[in-house]
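Below you'll find only one chain, the form predicted alone, shown as structure tokens.
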């Protein structure tokens, strides 16, 4: 079992139950996919049974949990692409089944772009009054995290009156099958914004972008490139990929996979050309929070580059001395710090 697979903090905070984490602790790496696939199918079965009995909310929770287990079955399984891709599809299928039974429900809102669609889900607080326009957080996944993984984080935002929209961009989740990682992620986030600002639930003056890990990099680029974002959170993100050679081999293999590169050298070329804030960072002007762990494999000099480049933006930078990547090892503390910051920027302004 590799430590990257059994990241207890990440899996726990995303919603994996303790009993399943304990069951995974003794696994050999080769058993990982099968274990989580089986757990996913068991939760899917329980969800279907709950729905037959008329317990829609229970069905939504259990079926979503099945989707999350499938997310973690396949998320590092790059060495068997067919198996990984089957896991991606099953994860999406179960989330689609769960979505209308969530509280509040998740509405699939796919946004056309080029010759494909950006797949995403919109959730609106149940407390919304008719005609009310609410703040919105656009949520970006990372190298392995996708829209289906943000459910628990969404629930905390929704409880504070903030609507959420989570989507897969190039190289991520569903969109991976038609568009691989490429330099213009911010074009996708702006296209999403074009669509969402037409929604009657959304206050166009209070839209934020929040990204985790690689998504934190994308959040910085998105907010730098589109002034309609009123706030930005980079959660364990980075400025550029100058440290490619120091990244763990499983991370470099993951980048090879999501870029469709022929080999690691080709992946390095694509990634370093695609993932660099320098060309756009002067455009970052909205309040921005960068949340980071001092023990993260993403080196702290990335924060220095952000400070130097983002001189037009009000920056809040939190470095947790004991935090690992995305501070997953700190439990809810880091997540609540970001959520409360968003509440101050998006909700308090309307009070």
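Residue numbers count along the first chain shown, from 1. It should be emphasised that the depicted structure is a prediction, and the values quoted were computed from it without experimental measurement.
What comes next is about the form predicted together with another copy of the chain, which is not displayed.
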| query | finding |
| --- | --- |
| Stretch in contact, per heavy atom within 4.5 angstroms of another copy of the chain in the model of the complex, of 216-224, 156-164, 276-284, 92-100 | 156-164 |
| Another copy of the chain in the model of the complex: contacted by all of 143, 268 and 321, heavy atom 4.5 Å | no |
| Heavy atom of residue 343 within 4.5 Å of another copy of the chain in the model of the complex | yes |
| Residue 305 within 4.5 Å of another copy of the chain in the model of the complex, heavy atoms | no |
| Contact of residue 17 with another copy of the chain in the model of the complex (heavy atom, 4.5 Å) | yes |
| is_contact(residue 43, another copy of the chain) in the model of the complex, heavy atom dist at most 4.5 Å | yes |
| Residues within 4.5 Å of another copy of the chain in the model of the complex, restricted to 215-230 and counted by heavy atom | none |
